[in-house]
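One chain follows as C-alpha cells, the form predicted on its own.
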Amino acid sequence: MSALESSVVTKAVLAAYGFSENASVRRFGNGHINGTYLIEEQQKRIILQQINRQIFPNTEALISNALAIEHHLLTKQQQGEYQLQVLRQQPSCDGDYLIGDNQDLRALQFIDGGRSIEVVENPEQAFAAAFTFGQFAKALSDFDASKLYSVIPNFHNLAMRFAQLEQAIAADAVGRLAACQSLVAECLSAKDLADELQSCTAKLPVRVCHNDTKINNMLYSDAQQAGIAAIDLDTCMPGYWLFDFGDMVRTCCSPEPEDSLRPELVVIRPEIFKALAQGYLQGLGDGITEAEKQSLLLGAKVMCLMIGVRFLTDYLNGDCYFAVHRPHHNLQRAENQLRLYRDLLRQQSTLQAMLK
C-alpha cells in the first residue's frame, strides 16, 4: 500500500516524521482496536498508530502513561536492572507525540530483531512470554501506580461487565439474543466469581499492570529463543498481577486462536499453563507476595470468563467495540472463552498445584 492509498498516512503525516511521499506504508499487526502501520524508507522505520478515540478518548493521558513507563524502564535498563528492550514513543520532527487534526496519530520506534507469535507452539515459547511479562512487571514494581491515568476506567471490573451484559440482554438491540441463549445462561450462572474477585483483590497490593498480555504483545527472538520486549502498553494502568497472568493463560493455553472455528479443540493445555506459571514467577522473583501467588489461578478464571462476557455483550449490541471480520465473529470468540473457563474449572486442582 502506498501512502497515497491510505486516508490515514497522508503526505503531511509522512513529512511530519521526516519521510518522503515515496515511503513504503503497509498495515501492521492484527490488533482489534487501533489502526497500525509500518512506514519504511531506506534504513528508517517507525510504527504509526491511529488511536481509536472511542476506546481511548484521552489520548494525552495515554501518551503521558507511555512516557512515564518508558522513562522508568530506561532508568532501570541503565542501572542494569532491566534486560529487555524498551518500547519508545517517537516524536515528530516538531517534537510532538500526538499529531493530526484529531490528535489521534502517534509513532513508536521500531524494535528490530523480534517477531510476534500468534499461537503458542510449545512450552518454551510460553515460558519466554511469561518471563518477559514477569520482568516487565518486576521492573515497574517500585513505580507508583497511582501516577498513571486509568485510560479505560473499570477495565477489569467483572461486576460492571456483568451489568453491561444484562443491559445488552434486556435491550436485544439487533435481535441476536435467541441465537445465544445457552451462552448467556452460562455466563449469568457464574456471576458469583465477581464477588470472589472483589474479596481477593481487597487483600492485594495495587500494581502497574500491562493489562493485555497476549503472546503477540511480546517480541520474540528466534536467535535468542527468548522475549526481547513487551509491547502495546496502551492499557498499562493500576491493577493486580492476577489479571496479567490470567490474560496470558487465556491467550496462550489454547492450541487454537481466539476466534477459532474449531471450538472442540479449544482447551487449556496443562504443560503450557505450567510453563506460564514458571516463567511469570521466575520473572517476578521475590517481588510477588504469597497472597498474589495464590490469586493467579483466580486471575485465569476471571479473564476467560470476563472476555467471554465482553465478546458476548458486543455481539448482542451489534459488534460496536471489537473489530469483526465475519458474521457471528464475536459470538464465536465468546464461545471459545467460555470453553476455556469450563476447562479451567475441570483442571483446577491440578493447575493450582503448578503455582506452588
Ligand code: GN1
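Note that residue numbering begins at 1 and tracks the sequence as displayed. Keep in mind the model is a prediction, meaning the values are calculated, not measured.
A second form of this protein, the form predicted together with this ligand, is not displayed here; the remarks below concern that form.
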Exercise. Heavy atom within 4.5 Å of this ligand in the model of the complex: which of Asp104, Glu256, Glu186, Asp212 fits that? Just give me the one.
Key: Asp212
Quiz item: Among the candidate residues Cys320, Ile55, Ala61, Ala291, which is the single one with a non-hydrogen atom no more than 4.5 Å from this ligand in the model of the complex?
Solution: Ile55
Exercise. Decide yes or no: are Ile33, Asn217 and Thr235 jointly within 4.5 Å of this ligand in the model of the complex, with each residue judged by its heavy atoms?
Key: yes
Exercise. Would you point out which of 149-157, 279-287, 96-104, 264-272 contains residues with a non-hydrogen atom within 4.5 Å of this ligand in the model of the complex?
Key: 149-157
Quiz prompt | Contact test in the model of the complex: His329 vs this ligand, heavy atoms, 4.5 Å | solution = no
Quiz prompt | 4.5 Å heavy atom contact, Ile307 to this ligand in the model of the complex | solution = yes
Practice problem: Although this ligand is absent from this view, report whether Tyr315 comes within 4.5 Å of it in the model of the complex, heavy atoms only. | Solution: no
Practice problem: Determine whether any heavy atom of Asp244 comes within 4.5 Å of a heavy atom of this ligand in the model of the complex, and answer yes or no. | Solution: no
